[in-house]
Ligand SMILES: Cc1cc2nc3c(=O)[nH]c(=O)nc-3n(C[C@H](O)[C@H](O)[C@H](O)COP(=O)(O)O)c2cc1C
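Encoded as structure tokens, the following chain is the form predicted alone, with no partner shown.
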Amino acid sequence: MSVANAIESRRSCHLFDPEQALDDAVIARLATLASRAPSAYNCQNWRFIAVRSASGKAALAAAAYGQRKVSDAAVTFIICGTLPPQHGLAAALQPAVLRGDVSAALAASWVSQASDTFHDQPQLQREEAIRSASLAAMTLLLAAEGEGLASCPLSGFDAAAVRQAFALPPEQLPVLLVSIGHAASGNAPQKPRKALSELLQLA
């Protein structure tokens, strides 16, 4: 499936088949693909929690106001942005340095710039965490479509309840949930989109 086909065919699935599970290899492949999303300075400031156990689903569904998608989908990912973004950046850049993609000096300059940008800027750190997590979530949705799986992003959840139920540390900000599995019958096709003339401005 081409990227264009994945975008055109993807829909938000509201009815999942609860009898069909996904094995750990598929879940790992989806998370690996999601991790290819872009991030500022290549911070990779995200974390994915794949909720697939019965107890985990029950806890997450309760925090998501009882939405059946969480209970019925094979897995629901909690997509977290991490704070502050620059923590761990030097280690994240090291593989690129070792491979020769960037020089050690350039990597050090990125770390310095990121530290200067985000230091003592909690609002900016939060915004960057949300940006990065959202990019990863969209990449995950397209990865699922490419694997022939149904998916749905969810923003309707109690972040404090998710944090408590899954013992998230303060530096992990739950941004989105993404339910993935096999679609049941009865799902609607992708909803029509606005006309391009309403959205696009050429400058």
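What you see is a predicted model; the values in this text were computed from it and never measured. Sequential numbering from 1, following the sequence displayed.
Not pictured, yet referred to below: the form predicted in complex with this ligand.
Given the stretches 62-70, 163-171, 43-51, 23-31, which is the single one in contact with this ligand in the predicted complex, using a heavy atom cutoff of 4.5 Å? Selected stretch: 62-70.
Is R10 a contact residue for this ligand in the predicted complex, using a 4.5 Å heavy atom cut-off? Taking the distances in the predicted complex, the answer for R10 is yes, it comes within 4.5 Å of this ligand.
Is there a non-hydrogen atom of C152 within 4.5 angstroms of a non-hydrogen atom of this ligand in the predicted complex? C152 belongs to the contact set for this ligand.
Does K194 reach this ligand in the predicted complex if we count a contact as any heavy atom within 4.5 Å? K194: no contact with this ligand in the predicted complex.
Since only the chain is shown here, I'm wondering whether L176 would be in contact with this ligand in the predicted complex (any heavy atom pair within 4.5 Å). Answer yes; at least one heavy atom of L176 falls within 4.5 Å of this ligand in the predicted complex.
Let me test this: is every residue among H14, G156 and Q190 within 4.5 Å of this ligand in the predicted complex, going by heavy atom positions? Spot residues vs this ligand: full contact, yes.
With this ligand taken in the predicted complex, which residues across 71-87 come within 4.5 angstroms through any non-hydrogen atom? Read in sequence order, no residue approaches this ligand (within 4.5 Å, in the predicted complex).
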